[in-house]
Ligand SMILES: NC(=O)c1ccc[n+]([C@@H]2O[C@H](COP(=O)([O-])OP(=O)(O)OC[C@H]3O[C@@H](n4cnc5c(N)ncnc54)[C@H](O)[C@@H]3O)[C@@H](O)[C@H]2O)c1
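Below sits a lone chain in structure tokens, taken as the form predicted on its own.
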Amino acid sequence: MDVRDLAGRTAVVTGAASGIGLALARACAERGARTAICDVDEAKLENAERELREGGCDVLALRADVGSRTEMSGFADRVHREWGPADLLVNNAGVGLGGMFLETTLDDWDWIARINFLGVIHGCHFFVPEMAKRGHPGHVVNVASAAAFAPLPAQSAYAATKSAVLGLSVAMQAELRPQGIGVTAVCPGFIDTPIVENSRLRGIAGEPETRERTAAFYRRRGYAPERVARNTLRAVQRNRVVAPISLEAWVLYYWSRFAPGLLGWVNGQLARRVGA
């Protein structure tokens, strides 16, 4: 799909009130797309809607929980009723969960799987069939993580959901190619977003000083969501199926493919440091 000029096209972005989602919504709007956004944070969603509208974007904003099939069905119905099928669907909404497997509760698993994996399923289920019926090119972006192919200690639940998103994306890409629909699994890396502050953290990871130290690392890393948005659209333009974004994501991607023993050794060292 050619995303260099999105005038007259419809982009849908979930989790678009902040972070990578907001940056992607801005990038789509700047390229001329009418942009539909959803999030569970109504105050931030209103701010995002106002910003996009003041920038000249035709925008539709609706409070919707991606983990709810009812709310996502309603969001999709509204978009289809007003604008028709999406041209670009970005399933971005997600949450973080840090903690060793033995520290992770079943409630934690239910929470993260409902948002990170079922949220992507809901987005695809309610938007992709209309894209396929229309019969001209479109694209689906599912935001996964470098943890999908190189999970680190204390990421078992998070990595499981993101690995599922990656596997889903690769399978969908093969299935939807005949309909002219591309699929990209975006794997960002360490990005300066509020995800650490908003994550559930268990055990050592949940101690206040550890949380702040981790958040400070992301801030120092300084890889802005706007760079993720630009590189994501570049990956869509190139029809990449798996798209590592930051340098560390690329390094982990190649380690996982060509040096799994080295990755395993690094994981062992990290596990000892966090008390496994």
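Numbering starts at 1 and runs along the sequence shown. Quick caveat: nothing in here was measured; it's all calculated off a predicted structure.
One more form of this protein, predicted together with the named molecule, exists but is not displayed; see below.
Distance check, Gly189 to the named molecule in the predicted complex, heavy atom within 4.5 Å: Contact with the named molecule, yes.
Heavy atom to heavy atom, is Tyr158 within 4.5 Å of the named molecule in the predicted complex? Yes - in the predicted complex, heavy atoms of Tyr158 and the named molecule come within 4.5 Å of each other.
Tell me, yes or no, whether Leu252 is in contact with the named molecule in the predicted complex, where a contact means a heavy atom of each within 4.5 Å. Leu252: no contact with the named molecule in the predicted complex.
Using the partner position in the predicted complex, report whether Asp65 sits within 4.5 Å of the named molecule, counting heavy atoms only. Yes - in the predicted complex, heavy atoms of Asp65 and the named molecule come within 4.5 Å of each other.
Among the candidates Leu152, Leu201, Val95, Leu118, the residue which, in the predicted complex, approaches the named molecule to within 4.5 Å (heavy atoms): So the residue touching the named molecule in the predicted complex, by this definition, is Val95.
Triplet Cys28, Asp87 and Gly138 all within 4.5 Å of the named molecule in the predicted complex via a heavy atom: No, the candidate spot makes no contact with the named molecule.
Heavy atoms within 4.5 Å of the named molecule in the predicted complex: which of the stretches 138 to 146, 77 to 85, 99 to 107, 121 to 129 has them? Looking at the other structure, the answer is 138 to 146.
Using a 4.5 Å cut-off on heavy atoms, what residues in 26 to 61 are near the named molecule in the predicted complex? In sequence order, Asp39, Val40, Asp41 come within 4.5 Å of the partner.
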